[in-house]
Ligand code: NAD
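Just one chain follows, in the form predicted alone, and it is written as structure tokens.
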């Protein structure tokens, strides 16, 4: 089985590498030539366009920034559906609006192509070590065909419902992650300014009810003042925009999401849009005039 992989960014490149390590044959494409060159050097085939990739493969994975990019790659000129064979499968692992996933799946079905939406959570570290959480929407029989492929990129793969359910679940995930980081930030700034060592606070609370995967992933970064992106603020803004739009479409108020969205927007205006979302703490630090860091 030959797999196409389109989108070789922070997440896509290590995911593609894990598929190659598992023995799959890949044809890859990205608008940036450097990651293509790197993967071709490891044995991947070089695609000249999304259409070319889909003509040469049976399963096409897309890992792209947002809904417009996914629509362009799948539906646009020289896009995936121009070259995809009847019976092939598109696995869109991008985080996009659920309504767009449903639209794309309907267009694919007209050409006899199946599609599932399979966004991921875990950031770059888990993309590298192949332990992503993958949330899938689509037909069970298509999910079953793709399971072993997904299992080479993630350690938790869940079929959440019909097409679009994967991205709905991802939006829920992104709300919880953003609010967790904000709560962590607010609390650690309070504790630090009150004179307690933040690393000691972390050690004291991580085994209790306040402990979380978010806490374990982000507190060490904050203490080291390491805001290199595992997941960029700009991308979290994109996800929360899709969450707010989806919520409003179905009549669900999400006031706390609105608050964290404005915090993220303020950080973006301050030039931190490409920082890791753990930089949410810098919003609180600026207000409190204190820095949370490891004691020397």
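Numbering follows the first chain given and starts at 1. Note that this is a predicted model, so its numbers are computed, not measured.
The same protein has a further form, the form predicted together with nicotinamide-adenine-dinucleotide (NAD), not shown here; the description that follows concerns it.
When contacts are defined as a non-hydrogen atom within 4.5 Å, all of 69, 73 and 120 contact nicotinamide-adenine-dinucleotide (NAD) in the model of the complex.
Stretch-level contact analysis of 60-68, 39-47, 260-268, 244-252 against nicotinamide-adenine-dinucleotide (NAD) in the model of the complex, using heavy atoms and a 4.5 Å limit, identifies 60-68. In the model of the complex, at least one heavy atom of residue 11 sits within 4.5 Å of nicotinamide-adenine-dinucleotide (NAD). With a 4.5 Å cutoff on heavy atoms, residue 238 counts as touching nicotinamide-adenine-dinucleotide (NAD) in the model of the complex. Although the partner is absent from this view, residue 256 stays clear of nicotinamide-adenine-dinucleotide (NAD) in the model of the complex, with no non-hydrogen atom inside 4.5 angstroms.
When nicotinamide-adenine-dinucleotide (NAD) is considered in the model of the complex, residue 232 lines it closely, a heavy atom lying within 4.5 Å. The contact residue chosen from 88, 185, 168, 94 relative to nicotinamide-adenine-dinucleotide (NAD) in the model of the complex is 94, the criterion being a non-hydrogen atom within 4.5 angstroms.
For the stretch 30-44, the set of residues having any non-hydrogen atom within 4.5 angstroms of nicotinamide-adenine-dinucleotide (NAD) in the model of the complex comprises 30, 31, 32, in sequence order.
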